[in-house]
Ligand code: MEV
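Take a look at this one chain, the form predicted alone, written out in structure tokens.
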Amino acid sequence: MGKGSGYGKVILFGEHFVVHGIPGIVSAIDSSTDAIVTKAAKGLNIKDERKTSKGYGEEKRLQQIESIERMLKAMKLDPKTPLDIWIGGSLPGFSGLGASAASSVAIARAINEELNLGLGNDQINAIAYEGEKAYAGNPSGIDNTAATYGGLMWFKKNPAGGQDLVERVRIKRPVEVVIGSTGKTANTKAMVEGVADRRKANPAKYDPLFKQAESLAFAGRKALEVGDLKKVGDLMNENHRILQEIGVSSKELDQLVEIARKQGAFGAKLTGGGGGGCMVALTGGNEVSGKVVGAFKGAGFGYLMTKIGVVTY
């Protein structure tokens, strides 16, 4: 049998904008998706035992099969190669945590090990990117990069299709965050396409917002590197406002963000595609994390306590 893992992630700055070549900051979190792959007699047999929000598995089922077939093709294998695939791990299947990318990386690594393909991390990352197309249509590449390598990264997509820019961002210590889940599964592909369509139809509104998002990413990197968590939080709050303006937040996400801020979080914003899924609150310590978690539970929302900036590579 072959085994593999892929890290979950949160985007601190730049979701949606990274698709269009604006830089973003992404951090792997200390939760992962694990996969086990064995050769099968026939068919693609998937057993998904991840903790998920309601409807996540059913919503993503066809995309998951397409993703695996895409990855097999990218590995120069028959996309109908018969395999038994088990998926589990500590990363919940919530939209916005890079769960699809984490599973793509985990499955790619497990196939690589089971079939003795001898692929390195750079190849695994490229294969997982192909798999992500089934979920996101035109993925930025930020999720699979975080899932493959871990750590905290500055990411800039090359819109022309060349090499993306990926740089390590160094911080003084891992920082506590709380991720809140709306419990709703988001269609990332539809959200990405919606932003692109609205920007094309109304560049006078959207182009300045994209410029603001770019400035926030640069300021966020500087604040992270010097350890100014209050500044990072302020910038995250501003990033959420811009994401609201481009139409990707939701009532539940805004509610979670407001709850986290009231409980003392430095800042909070949606993370990932939006339209449901998750948000992230920068708490900076266990005391505030506990307050945020208690308030989320009291309001009936799911959550995950974790850290960003954990060195996992």
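Residue numbers run from 1 along the displayed sequence. Since the structure is predicted, the reported quantities are computational estimates derived from the model, not experimental observations.
The form predicted in complex with ligand MEV is left out here; the points below concern that form.
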Interface check vs ligand MEV in the model of the complex: of 124, 224, 142, 235, the one with a heavy atom inside 4.5 Å is 142
So if I measure heavy atom distances to ligand MEV in the model of the complex, which of the stretches 41 to 49, 259 to 267, 272 to 280, 27 to 35 falls within 4.5 Å? 272 to 280
Closest heavy atom of residue 192 to ligand MEV in the model of the complex, within 4.5 Å or not? yes
Residue-level contact is defined here as any heavy atom of the residue lying within 4.5 Å of ligand MEV in the model of the complex; does residue 292 satisfy this criterion? no
Is there a heavy atom of residue 22 no more than 4.5 Å from a heavy atom of ligand MEV in the model of the complex? no
May I ask you to check whether residue 12 falls inside a 4.5 Å heavy atom distance of ligand MEV in the model of the complex? no
